Structures are given as structure tokens and as C-alpha cells.
Ligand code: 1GP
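Form predicted alone, single chain, as C-alpha cells, below.
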């Protein structure tokens, strides 16, 4: 059977306009209403994708309710933009993609799901078991899968501990290169380098550059990126997407968040 990339994967892989920013929403840390408000602010500022998931506190209910609230909010703003001759509907195109902690944190309302393997885990749970459990739901729901290799780098944070990962340390370019080559050989379309939610430091630029050199996959980098300068370093090293989560959760005021992310994205691509 021949498979072709779906619309969400094609969108994620299209980085012809430079490094893009995505917001990561953790349903365990905010209400669906707050999540929706933050997403509208982020997309207004120039974010191009919404990831939903992340922590072990997520479940089917809070993930689904959050995805639905975000979708309704973005669709309302998109509709409003069509009524304003000075607005551009395309600027509100931001797919909602699941970034699950496991098979019990899914939603049929999402545009896609990062169907990932935590490649440097020492546990079969994160190599294949959770994926096996979730696959029937994903197939039945018709959610588009985005095949992704997921690699946890130092400092790793909670995801490194829970995922039982053998961390990629700064200076270990040969190892991250080999993982990148492996991801491409497996047929993954995306490669995510993760420093861990709220990490004290982001993924080392040398590791990003080595992964970029070793494969032609769409390269996503997240964890510990708190300002535009750090995002710019990741972009310069070869990141196609930069993800922020904790930064977004620091703001309850939508207007303030929009201004912060606008400056962040502007500096990242300066």
C-alpha cells in the first residue's frame, strides 16, 4: 500500500518561510477556556501550530475538552477575519496537533498527532507499547499521524526521568547524529530534540546542528527556550520549528502574552 503525506504533515514540513514557532498547551495546567485564550493570543502573534499534551497529568477528558475549546476559539476568530476586508483568513491557519504523554491522552477533534518513538528510552513502553495501545483509537478517530522520532537531551527534566531516557549530553554530536540517521532510516518524517519542560538550559546548539547535518527530516526543538535570543540560536543551528510551553503559561493576560510572543518570534527570525 502506498502512503502519502496528509495535509497536516505537509503543512508542518513546509518551512519555506523560515523557522516557525508553535505553542505547547498542557491541559493538566490550565482550563480549556484559558488554553483557548492563550492560543488565540499566540496565533495573533505569529505562532503557526498548537501542540496539546505533554505531561503525565493529561487524560482523555481534559485533552479532548481543551482541543475542542481551542478549535472553537480559532474558528470563531477565523470566521471574524473573513468579515474584515483588512484581515487575512490564512493568518489564522494553525493546526491543532496532539503531543501525547501516552495512549490515554488522545482526542478525535485534533488535526493530527505526533506519533512518536522516544528513541533513547530504555523502556519498551515508550519505544512501542504506548503506540500499540493508542493506534486503534487513532485509526478509528481518523486523526492524521505525523511519524516522529523523539530524542531527550540534557538536562532532560521530568520527561527524561519518566521516559527512562539515556540523555544526549552536550558535546555528544556523534550520538545525536546516529539517532537522526536512524530516524530517517525508519521512515519518520519529523525529529524532535527535547531538553525537558521547564529545563534550566535548552538543547545545545551543537547537537541541533549535528542532527540537522545528519538528516533531512523536519527538525523540531523544544524545552528551556525562554526568550527570542535562545530561539534564534536554535533557528541558526538548523531548527525548523521552535516550541515553547512554560513561557506561555506565565501569562494570564492575553494581550500581554501576544506582545511577548510577537517580540519572541520577531527576534527568532531577525
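Positions refer to the first chain, counted from 1. Note that the structure is predicted; figures quoted are calculated from it, not measured.
Omitted from view is the form predicted in complex with the ligand, to which the following refers.
Trainee: Just one of 236-244, 65-73, 30-38, 209-217 has residues with a heavy atom within 4.5 Å of the ligand in the model of the complex, so point it out.
Mentor: Every other range fails; the passing one is 236-244.
Trainee: Using a 4.5 Å cut on heavy atoms, which of 96, 199, 165, 138 is close to the ligand in the model of the complex?
Mentor: Answer to the contact question: 199.
Trainee: Does the 4.5 Å heavy atom contact test between residue 24 and the ligand in the model of the complex come out positive?
Mentor: Because a heavy atom of residue 24 falls inside 4.5 Å of the ligand in the model of the complex, the answer is yes.
Trainee: Within a 4.5 Å heavy atom cut-off, is residue 228 in contact with the ligand in the model of the complex?
Mentor: Result no; residue 228 lies far from the ligand in the model of the complex.
Trainee: Is any part of 213-228 within 4.5 angstroms of the ligand in the model of the complex by a non-hydrogen atom, and which residues would that be?
Mentor: Counting only heavy atoms within 4.5 Å of the ligand in the model of the complex, the contacting residues of 213-228 are 222, 223, 224, 225.
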